[in-house]
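First comes one chain, alone, set out as structure tokens in the form predicted on its own.
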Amino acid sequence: MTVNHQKNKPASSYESEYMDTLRTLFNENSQIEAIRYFLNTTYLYFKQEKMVRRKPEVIVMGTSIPEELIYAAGAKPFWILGGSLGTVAWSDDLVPRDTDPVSRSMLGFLLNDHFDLGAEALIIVPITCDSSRKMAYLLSAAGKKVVTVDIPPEKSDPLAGLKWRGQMELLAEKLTDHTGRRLSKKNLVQATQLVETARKLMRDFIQVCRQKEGLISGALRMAVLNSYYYTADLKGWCGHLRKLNLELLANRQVISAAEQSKPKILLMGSPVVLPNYKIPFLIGDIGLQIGATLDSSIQKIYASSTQHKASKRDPFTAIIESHYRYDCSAAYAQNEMFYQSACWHLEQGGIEGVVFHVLKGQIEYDFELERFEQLFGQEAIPVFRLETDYQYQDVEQLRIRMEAFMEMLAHHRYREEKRAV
């Protein structure tokens, strides 16, 4: 398969999208010095001149693979998560028009005439839906070195753990063959410590943001966490996040009552990935506050392997079992971890509404919607289903619907306050 037919497609939309997003994020929170590093990390990831020279050793499509195995094999994972409308355009002639935007964007990153990220890489494709299986085929047909990972869709299946282990052992073998580095116990332990340090700092960051409510926007909090997937130096990234946490804790800025009183929503469903931040920006523009986010990339933060320190299990087993347990991607027939995480957010309190984000074509999330409507309905918390794609033409239509949702939250808050009196 060739991609010569894409030569004339411009790169300007690709560049303007991430630059506009980063500029908006910086202007919102320019007073916090330590934020600059994370925005710059994201900028360097997307910058086309960098992409042209970049030759990653291991590429990971999505977040459904335990990255500790890649670090232990002596490589740095290069994540491709989608999120770019520009790269969607580059894959227009490769897939049907109604393919979900994440799959189209991912393919655009790897099959285009602007840069060749997969020239020397082992590309890991977790099979989370039919689209990912098709992507793996298209990449293989284009001459890329691809390894697929089948995720057992039913965690309650007695054989699911064995199937998952078998897939992870095959992946470990492919990684070792590709990098030439054995997955020794020492390498696995060191990789676990590195990743766990990052995850703990991200958990601390989420907690600090709760303590310093209103100090940074929900969109910026999401961008800092997203940048985990864009750094080429995870150890250095950890040092900067530690610095940011301390700066936020030491900040004495007085947050206005109006800012603190904004209704808080839980943004959940299809992951929102940089640079396409139209939904977080829209939520902030109309006066709502993203109190928390719940998706497969955020849930990974809580997949701690070090909780098994006292166990006699080997580090490989601890890594893969922890990842499978906490994974809440769209791969599962019934997404129990997704549901349990929503229950946890409900128990934490403070959430007045839920925006259930569904990217067109990702119907796996729609299958879960009814359960969440019932769950939050028990606490009289409204759930707003928001379906969209990476295009920006629907922003005003979404704004009207979102403003109506905000009015509903305001009326609900008024009734609760009146009842309390």
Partner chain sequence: MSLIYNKKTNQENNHESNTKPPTTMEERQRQRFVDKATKVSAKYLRRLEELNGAPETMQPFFKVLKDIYVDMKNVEKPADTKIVGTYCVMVPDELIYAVGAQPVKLCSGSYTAFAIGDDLVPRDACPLIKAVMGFQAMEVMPIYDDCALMVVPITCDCKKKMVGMLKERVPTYSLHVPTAKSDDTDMEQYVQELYQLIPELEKVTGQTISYQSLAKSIDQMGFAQYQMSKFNTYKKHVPALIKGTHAMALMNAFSYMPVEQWSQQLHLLNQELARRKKDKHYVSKDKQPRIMVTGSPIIFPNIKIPLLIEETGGILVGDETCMGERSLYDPTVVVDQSFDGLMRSLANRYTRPCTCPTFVDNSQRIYRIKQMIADHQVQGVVYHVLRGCLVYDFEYQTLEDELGKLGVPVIRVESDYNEEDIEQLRIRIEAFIELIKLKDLALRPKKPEIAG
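Numbering follows the first chain given and starts at 1. In this text, all values refer to a predicted model and were calculated from it rather than measured experimentally.
The discussion below concerns the form predicted in complex with its partner chain, not included here.
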| query | finding |
| --- | --- |
| Distance check, Pro96 to its partner chain in the model of the complex, heavy atom within 4.5 Å | yes |
| 4.5 Å heavy atom contact, Trp344 to its partner chain in the model of the complex | no |
| Contact test in the model of the complex: Lys243 vs its partner chain, heavy atoms, 4.5 Å | no |
| Non-hydrogen atom contact Leu44 with its partner chain in the model of the complex at 4.5 angstroms | no |
| Candidate stretches 325-333, 74-82, 115-123, 228-236 - the one whose heavy atoms come within 4.5 Å of its partner chain in the model of the complex | 325-333 |
| In the model of the complex, the one of Asp285, Asp177, Glu169, Glu154 near its partner chain [non-hydrogen atom within 4.5 angstroms] | Glu154 |
| Single option in Lys145, Lys264, Lys200, Lys134 placed near its partner chain in the model of the complex, where near means a heavy atom within 4.5 Å | Lys134 |
